[in-house]
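One chain comes next, on its own, written as structure tokens: the form predicted on its own.
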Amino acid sequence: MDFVSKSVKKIDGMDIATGKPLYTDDLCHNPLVIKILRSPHAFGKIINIDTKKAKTLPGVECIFTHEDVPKERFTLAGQSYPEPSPYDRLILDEYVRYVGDEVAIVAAVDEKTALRAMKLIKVDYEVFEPVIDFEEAHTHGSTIHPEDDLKVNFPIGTDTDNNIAASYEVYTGNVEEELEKSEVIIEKSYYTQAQAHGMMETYRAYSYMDHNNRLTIVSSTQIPFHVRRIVAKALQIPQSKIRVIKPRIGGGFGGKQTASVEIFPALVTLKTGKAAKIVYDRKETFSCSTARHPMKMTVKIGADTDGTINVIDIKALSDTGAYGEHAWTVFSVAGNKVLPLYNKAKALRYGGNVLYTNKMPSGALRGYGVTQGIFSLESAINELASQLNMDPTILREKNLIREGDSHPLLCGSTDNNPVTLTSCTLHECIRRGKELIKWDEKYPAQVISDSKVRGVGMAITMQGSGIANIDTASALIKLNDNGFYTLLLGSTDMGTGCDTILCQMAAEVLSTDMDKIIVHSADTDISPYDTGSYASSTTYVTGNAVIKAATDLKEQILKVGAEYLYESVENVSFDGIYVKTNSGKEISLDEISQNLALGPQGETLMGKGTFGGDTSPPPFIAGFCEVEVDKETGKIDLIDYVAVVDCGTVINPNLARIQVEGGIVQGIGMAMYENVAHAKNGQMITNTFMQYKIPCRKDIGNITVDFQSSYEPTGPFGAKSIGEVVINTPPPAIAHAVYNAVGVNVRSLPITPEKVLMGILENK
């Protein structure tokens, strides 16, 4: 292949590196500036709000309160309609449900004036006792959502009287019977914390009315088509009156799968007719958007003494914060995309509740629940191996799913039709990872000095490639009048390089140079529909759509070329430059395109392709690490991390490697450093990078990435996803390595020196 599996440079890399104006705030033209007055209380009701004095301040354009906005409830979650997240929000509500919840929208000629106006607004609150601990939420005296118009599109177990946003349970086999028959049982509880996205570009959007009096929103978003629907519902206007444009994005990590900011400038522009923008500062990005769902999982495993795992039973609780964005889906994924790893078990069960609390809402974040589920399950598997006195790599090899196996929880399965795994090199990933980390030489630990010990640890993971039977993407590719192409996409490149790899795929099919393909994404007026860049879908779902579109166009070029050459289409071929016959006649693509463009017989050739999979083939990773622990202080140094990846065919090795390295570092952050923390009154105390630590280069040691490719028959050129799976292994692998070094099982993230030292002291 000429382009696929080649380390092609990113097509927008130089523009980004040289600072060209590509991002949302670069594109604004003298807009009104919006600031949000926010609640100082975790839970309360607005009794009175006085904006008269603020409105008289010169330069203030408008101020909106809950009395001025539509009363239609909606969700900010960017999901396909009908969304599984509850409609539990208003644009502005008389209730405030977390510190930072929106109270008033202020629009002024500049930021300084808007900030001055906010200080002149007087608000009287009736303050209620907040619900902060999600483990106590269902029995707490406060009801966070007392309204009677909260709506769900289908039953997800919502019980607002008990602060339950959603419930879920899935099982196979007879759990109790298999537990009773098992020779060894372990049962442990694990806690994962809220994690912030930490993307470089904060949340922002810009809006204006175009010359046809349509609302145009320019936004740093992963979900332009969902934003159009969400804004239309919230503002009660037709989607046809809204256009959403996505310029370049400075990161998202799932945060921009929630429409956190677009409604505010849209409302101001609709009310005033003037352009408006909102740019969240870093504190607002930390404390007034979304973070990863904190979870508690109690894992019970029944096994035989030879290492055969008979049953896995997980009871879970999740904290969705003040609103239920992604509540049910993140929770269900935490079990469904984790348990199929151990498909030799005769019984599996996963279930529990997602609770409302008076904290910033939780939402989508890279890993989308699998990160939480993998930490709990893989930590329990490592503890089982220890109890069995068995090498954990051997325990896993004995019980893991393999290519050709079926499992009822694999995405796309139905009641009597479990999906069959058609690509998997997980066992090879483990074998290669052991070689790279020198597992057999180092396991479980090596004494370095009187105070320092090095331990090795490991974990495995899987994810998915899009959402089966829900995600869909379309692509269009047009032949222009000089023999070059325009590829129209609705997907979002968040900096990952997906525009580049999709261009590689189109170039491969059309046998043309990549610089002859213009990539245009995403503009809801122009681009074909795409659910958006989330759920590890772009390479797999949009990639398949691109191949279909390019193949369609190639067939049209062959047909037209054959007509010009007076030959049947079966007797011609296309090499990217010429359509040729077997007898030597030829016509160039340039000539074909110009002939098509001119005269009364002109025609535009447009290839189209749409893909929505009925399966979600999982990528796999085996992660290994070595840590050095100081027994006197509990300090942990990460020495080495090895990730061996099966993502099917690697479309662009350089970009894939960067994805893996970035995800591993983000996983290391969750394992060792990051923790969104709140005070007892609900105030977030980690709302700047001074308090919220993410790992820097000196914190992460050496990272080694290797690929054990497979060929996924349903994937584009055999590819699967890679975006999310890469974050999952560091928390359980590092916890395992710490245990092997000093005998301390840290079951609550992050794994801090304090927790390790306390464990060492308790063991003495």
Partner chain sequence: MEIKVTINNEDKILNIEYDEFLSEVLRKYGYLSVKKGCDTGSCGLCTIWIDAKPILSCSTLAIKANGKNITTIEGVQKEATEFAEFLVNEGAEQCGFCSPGFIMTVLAMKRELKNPTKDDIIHYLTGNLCRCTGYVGQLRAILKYMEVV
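Positions refer to the first chain, counted from 1. Being a predicted model, the structure only gives us computed values, none of them experimental.
The following text describes the form predicted together with the partner chain, which does not appear among the structures shown.
- Residue heavy atoms within 4.5 Å of the partner chain in the predicted bound form occur in exactly one stretch of 245 to 253, 404 to 412, 530 to 538, 450 to 458, and that stretch is 245 to 253.
- Among Lys631, His427, Arg657, Arg73, the residue placing a heavy atom within 4.5 Å of the partner chain in the predicted bound form is Arg657.
- Only one of the listed residues (Asp50, Asp26, Glu67, Asp706) places a non-hydrogen atom within 4.5 angstroms of the partner chain in the predicted bound form, and that residue is Asp26.
- Proximity to the partner chain in the predicted bound form holds for none of Leu436, Trp439 and Pro753, with the criterion being a heavy atom within 4.5 Å.
- Interface residue remark: Asp281 is counted as part of the site for the partner chain in the predicted bound form, having a heavy atom within 4.5 Å.
- In the predicted bound form, the partner chain sits within 4.5 Å of a heavy atom of Met200.
- Proximity of Arg204 to the partner chain in the predicted bound form: non-hydrogen atoms within 4.5 Å are present.
- Interface residue remark: Glu674 is counted as part of the site for the partner chain in the predicted bound form, having a heavy atom within 4.5 Å.
- Taking a 4.5 Å heavy atom cutoff to the partner chain in the predicted bound form, the contacting residues in 8 to 32 are Lys9, Lys10, Gly13, Met14, Ile16, Ala17, Thr18, Gly19, Lys20, Pro21, Tyr23, Asp25, Asp26.
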